[in-house]
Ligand code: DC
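Single chain ahead, written as structure tokens, the form predicted on its own.
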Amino acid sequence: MPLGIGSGTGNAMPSSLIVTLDGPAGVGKSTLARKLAIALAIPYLDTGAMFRRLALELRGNADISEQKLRAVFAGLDFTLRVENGESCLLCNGMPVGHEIRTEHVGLWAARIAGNAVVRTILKEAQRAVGARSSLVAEGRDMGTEVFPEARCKFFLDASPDVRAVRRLKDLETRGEKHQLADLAASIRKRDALDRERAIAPLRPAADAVIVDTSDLDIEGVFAVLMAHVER
């Protein structure tokens, strides 16, 4: 079942169930969003992947005119494919994959996220999807900026050191070798970019449920989230 991601400014219909998961890198948002989407039988939208794919296209440079930014984005046809309950983000018909999951692309994404035009373009696209379907959306500002009227909002957090260890394990499963200290420094740098930017800084929505994942495994956090959604 393909769902297009195009321009538009409509908010989700009141009857839709929008669940937002915000938080910094390395708190398990993507894994938990997928599990929630499967449990609730609704699509999952990885908005961070959209930022990363656009950042990759721009090579981290968003210091260009709005006209050029929109022209670049117009060349990226994002769609959601849902098969057997699993959601997959496609760009120009191809699954968005590991090419966007490197540390430098993550820093590029944090850099372009401070550009007002970039945020407007992607917010329009994300809201267009939410206007057509119930959705689990994860990112940095889903509950504060993109879907402020969402019925269920979560903000996940954990210490930078805990997140660095998780990131190291994830990279090792892919056969990549990194130094824990370097990953912790990268995470702290990205946190600063996300939390201190003037436009849509990373912060919990006033009505978000805040979950510290430092001492919980994925199943433990998932149980907490599901309990709140069911209520």
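When you see a residue number, it is the position in the sequence shown, counting from 1. Keep in mind that this is a model prediction, so the values were computed, not measured.
Missing here is the form predicted together with 2'-deoxycytidine-5'-monophosphate; even so, the following discussion is about that form.
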Exactly one stretch in 62 to 70, 172 to 180, 158 to 166, 44 to 52 has heavy atoms within 4.5 Å of 2'-deoxycytidine-5'-monophosphate in the model of the complex; which is it? 44 to 52
Check whether R188 has any heavy atom within 4.5 Å of a heavy atom of 2'-deoxycytidine-5'-monophosphate in the model of the complex, and answer yes or no. no
Going by a heavy atom distance of 4.5 Å, is A113 a contact of 2'-deoxycytidine-5'-monophosphate in the model of the complex? yes
Answer for A109 alone: is it within 4.5 Å of 2'-deoxycytidine-5'-monophosphate in the model of the complex, judged on heavy atom distances? yes
Is the gap between R119 and 2'-deoxycytidine-5'-monophosphate in the model of the complex 4.5 Å or less for some heavy atom pair? yes
When 2'-deoxycytidine-5'-monophosphate is considered in the model of the complex, the residues of 189 to 221 having a heavy atom within 4.5 Å of it are R190, D194, R197
